[in-house]
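Shown below, as structure tokens, is a lone chain in the form predicted alone; questions about how it binds or moves come after it.
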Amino acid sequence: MEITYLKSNQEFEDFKNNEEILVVDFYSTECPPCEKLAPIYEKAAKIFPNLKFLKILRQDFRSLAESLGVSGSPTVLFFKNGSLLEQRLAGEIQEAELVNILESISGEKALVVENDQKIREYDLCIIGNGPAGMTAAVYAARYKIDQLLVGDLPGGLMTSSHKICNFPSEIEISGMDLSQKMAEQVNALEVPQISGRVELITKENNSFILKLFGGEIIKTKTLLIATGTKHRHLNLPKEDSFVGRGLSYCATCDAMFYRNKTVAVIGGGDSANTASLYLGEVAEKVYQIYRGDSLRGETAWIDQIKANPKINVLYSTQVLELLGDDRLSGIKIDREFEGSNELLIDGIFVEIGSEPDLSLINQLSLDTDRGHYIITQEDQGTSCLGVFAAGDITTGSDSFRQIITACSEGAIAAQSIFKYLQVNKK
């Protein structure tokens, strides 16, 4: 079934009252998780042809979003016979999560989409299309390596950066705009690409067999793991249920939900600092809560925070509990502030760093450090012959995880892979 883009509030009421099951995606512009969800949502519409799928641009329907308790992008709601169901998804939505709910509320199994099961063979498969993966793809293209780039969001976590001021050639640029510039260069070089995620990797003789979530099978002589990292969570009760209901991991995506409201940012590094500054332009008041006794990161950001009267930094403080019933209403902290250990806030933004996704690392049995980052050699090689790694997922660049160092590692990896393929020609 085709996806409908909402044109009016009356149209929404008509769909809600006339469709047995209505699936609604509230999305925003300049929203990386929304772009990541888009192909997943399109696929869901194909494998559940009896359900009605609707997309609503939140900026055009703010009142409708607020009436339905939507406070994050993307948010997917489910209606059955005109009633809003309890299930909802928000933030970094995975395909399996969406499919499981749709099967549950419809009583139907997802249709199997027929894929061409012919195994496609390459000399190099780059997994991850953040700055490391895209830079590697550019260099590999110029080395004329037969390659494939697999990823679900060009730019990765970089897209959620509100402002980048330390990338050469750019005085100031958003993470989304820098990601698009990199993607344009990859596209101009006609690098073969697949939008998706790798589900399974197995080694077969001197090659690697990859199975993607969409069913595609790839065979490659070499691998470059450039999957970056994922947001670290607070691991507190109710955290998952509050995502999209007052809790967010992306200030760039969701700041506008909190115009003239009170918010909290958790963390003390560059990502937290820039989130506080961006929210300081939108919200009425910003609490920045950090367990350390001084903020970390670039001095320029820290100086701006100290000069901003809207931002109040609570040092040596940790969040103990998330408060609220259907949505977040406040937080409990481990010390008293202004006579209470509870802060009443409208929203919380979690910016406490990131961590590697272990699924592919474990499948390949790669050597890692104590933080589970892939140990790399000078040529970006790993403990598995034929597997290279680059970017934030590695121990390289003295663990200085920046866009520029990810690009550097991607370039080094591409050159090393070129040399490896030359030596191992058959």
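Being a predicted model, the structure only gives us computed values, none of them experimental. All residue numbers refer to positions in the sequence shown, first residue = 1.
Below: the form predicted in complex with a small molecule, not depicted.
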**Study point:** Selected contact from Asn166, Asn206, Ser83, Ser340, since only one has a non-hydrogen atom within 4.5 angstroms of the small molecule in the predicted complex
**Key:** Asn166
Practice item. Would you kindly say which of Tyr139, Tyr278, Phe79, Tyr290 lies with a heavy atom within 4.5 Å of the small molecule in the predicted complex? Key: Tyr290
Check your understanding: Would Ser241 count as touching the small molecule in the predicted complex under a 4.5 Å heavy atom rule?
Key -> no
Practice item. Considering only heavy atoms, tell me if Asn312 and the small molecule come within 4.5 Å of each other in the predicted complex. Key: no
Review point. Might Arg401 be said to contact the small molecule in the predicted complex, defining contact as any heavy atom within 4.5 Å?
Key: yes
Exercise for review: Give a yes or no for Asp254: in the predicted complex, does one of its heavy atoms lie within 4.5 Å of a heavy atom belonging to the small molecule?
Suggested key: no
Point to revise | Contact check for Gln94, Gly128 and Gly196 against the small molecule in the predicted complex, heavy atom at 4.5 Å | key: no
Exercise for review: Look at the stretches 344-352, 147-155, 188-196, 323-331 and give the one with heavy atoms within 4.5 Å of the small molecule in the predicted complex.
Suggested key: 344-352
